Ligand code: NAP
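Next up: just one chain, as structure tokens, the form predicted alone.
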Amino acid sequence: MSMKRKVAILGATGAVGQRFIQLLQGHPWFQISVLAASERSAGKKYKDACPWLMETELPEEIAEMSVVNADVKSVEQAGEVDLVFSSLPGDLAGPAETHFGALYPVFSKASAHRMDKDVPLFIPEVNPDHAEMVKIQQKLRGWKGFITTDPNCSTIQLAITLKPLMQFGLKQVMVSTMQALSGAGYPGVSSLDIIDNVVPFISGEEEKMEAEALKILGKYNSAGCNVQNAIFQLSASCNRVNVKDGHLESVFIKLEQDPIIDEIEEAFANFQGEPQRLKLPSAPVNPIVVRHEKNRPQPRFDRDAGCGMSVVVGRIRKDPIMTFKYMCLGHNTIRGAAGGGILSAEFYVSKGLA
């Protein structure tokens, strides 16, 4: 790619916006052109608009950039833009992304448009054919751009592990999550609520997991520009735990077939998708990493696998009620958020869709 694509980040001052900034440093295809956020941040230098939360240093050129309001006119005046990453809060994302989608390719981390009939809910390794939906979206809406969405962070890692199991016939899935504090954004959960505690409720999370996975793993009908949901049953129970990064999930699976554990491990370990075949810059070599130790995966040790883009699976064993069970771990702000969005954009660019 001879020329880097110029990108705008909506919600640039938030935790996910900051992760976008961090991951885009030195990116071979994309260059940050515009930083946009709420009115209270607009007009300030980025270093003055928010506290920098990442473990790496705030890049000097980013620190000195001016933040603009997250509307089309302000962004257009601020700089050249080829595509948009959105990490806006849910209440703002709906209308804002619609305005931007009319003009630009929008890669959204927000939930506002995930279940729209003509909007892809996209994981490049899992449902690459769904990307084509944006062509019909553009035609139906008369848009120059489009909206494509990334799933909820806890859904992404689950769906990646479910994809290679579909060959055995998925019937039922039960998942209980132990979700990191960073998933709540910044400042997130009060320390007095989470220290010495587990919070067994995350608003809207279970509903998102139960609905989104069926759309992601469903069949795309190009004639009707919609997705026929997958037909397996899924039940989720979501919990917030005192871990900074990395969602851990306990997953129970009922299959139509009864494969031996070695076959299941092989299906996980050998799984690859279009991003790996295309050798996209953010694609991990192995989307799923299988650990064989009795006590892995663990957030502290495994969340950075594949630079945070791999899902780590372990404790794969037979179950007396379901067919088998396993644990999976994903980095919720990298693969589950900004990294997943960047990989989606790489896929669309490589396919000539953006």
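Values in this document were obtained by computation on a predicted structure and should not be read as measured data. From 1 onward, residues are counted along the sequence shown.
One more form of this protein, predicted together with this ligand, exists but is not displayed; see below.
For this ligand in the predicted bound form, the listed stretch (181 to 189, 163 to 171, 260 to 268, 117 to 125) containing residues with heavy atoms inside 4.5 Å is 181 to 189. In the predicted bound form, R40 approaches this ligand with a heavy atom inside 4.5 Å. Under a 4.5 angstroms non-hydrogen atom cutoff, this ligand in the predicted bound form lacks L343 among its neighbouring residues.
This ligand is not shown here, and in the predicted bound form it never comes within 4.5 Å of any heavy atom of T148. This ligand is not drawn, but in the predicted bound form it has a heavy atom within 4.5 Å of G11. With the partner removed from view, the residue among P200, G90, G224, G204 that has a non-hydrogen atom within 4.5 Å of this ligand in the predicted bound form turns out to be G90. With the partner removed from view, the residue among A110, L158, V75, I216 that has a non-hydrogen atom within 4.5 Å of this ligand in the predicted bound form turns out to be A110. For a residue to qualify, one of its non-hydrogen atoms must sit within 4.5 Å of this ligand in the predicted bound form; none of L24, V312 and G339 qualifies.
Contacts between stretch 320 to 336 and this ligand, counted in the predicted bound form as any heavy atom lying within 4.5 Å, involve N332, T333, G336, listed in sequence order.
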